[in-house]
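A single chain, nothing else alongside it, follows as structure tokens in the form predicted on its own.
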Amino acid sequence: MGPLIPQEIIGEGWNFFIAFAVGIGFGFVLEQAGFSSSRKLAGVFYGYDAVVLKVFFTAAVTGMLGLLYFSLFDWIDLNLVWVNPTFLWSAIVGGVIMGAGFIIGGFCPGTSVCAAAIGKIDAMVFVGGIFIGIFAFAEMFPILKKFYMSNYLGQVKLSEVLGISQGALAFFVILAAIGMFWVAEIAEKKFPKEEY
């Protein structure tokens, strides 16, 4: 039963190898899907290209259903799956900063590294900006720590917040995905698609 490392099925030393292999695979898939194009990525915000929304929503639903089925067959213990702790205000501010960076630069951190790896100069500048931001945050952390750690909510799960089962949440997320795909199709027809 998984997770494999917490259950000591494989050793902790495999962490970096698995992360490296998954990262290479993820980057390859991003490039093959055309996600190294900042215009394609920004297209979701402007309504002319919803491929990013469809791909990531599909990945989220697939991962969610996979975990639920694995749990159903006792192949994974969901209590051992790590959930990042939530610090509400720093999460909101971080989301606003990342969203603004995404729409201004046309990349998220993963896609910027993917595009930089194939030689796109705008992506290289974006990656440079990421490192500057990381450095600035690390240097300012003593000042920001109180705000960053404020409003701690613990390891929040949406199913627990809503008071419903994980299966019911999965059903509603699938309905939301279908609704988003429908809205995305309407938006793609309404807004002209740029050639790139």
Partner chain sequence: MTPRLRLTSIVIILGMIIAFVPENTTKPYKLTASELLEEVQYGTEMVSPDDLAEWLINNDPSIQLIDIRTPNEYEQFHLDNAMNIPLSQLLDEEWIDYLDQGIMMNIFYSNGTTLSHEAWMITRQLGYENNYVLQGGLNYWTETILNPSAPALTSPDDEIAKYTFRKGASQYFGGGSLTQSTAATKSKASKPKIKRKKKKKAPDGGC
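Positions refer to the first chain, counted from 1. These numbers were taken from a predicted model, which means no experiment stands behind them.
The protein also exists as the form predicted together with the partner chain; that form is not presented, and the subsequent description refers to it.
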| item | value |
| --- | --- |
| Interface membership of S165, the partner chain in the model of the complex, 4.5 Å heavy atom rule | yes |
| F56, heavy atom within 4.5 angstroms of the partner chain in the model of the complex | yes |
| P6, heavy atom within 4.5 angstroms of the partner chain in the model of the complex | yes |
| is_contact(M149, the partner chain) in the model of the complex, heavy atom dist at most 4.5 Å | yes |
| L72, P109 and G154 each touching the partner chain in the model of the complex (heavy atom, 4.5 Å) | yes |
| The partner chain: the contacting residue among A170, A42, A50, A33 in the model of the complex [heavy atom, 4.5 Å] | A170 |
| Contact residue in the model of the complex, from I186, I178, I10, V22 (heavy atom within 4.5 Å of the partner chain) | I178 |
| In the model of the complex, residues of 75-90 near the partner chain [heavy atom within 4.5 Å] | D77, N79, L80, W82, N84, F87 |
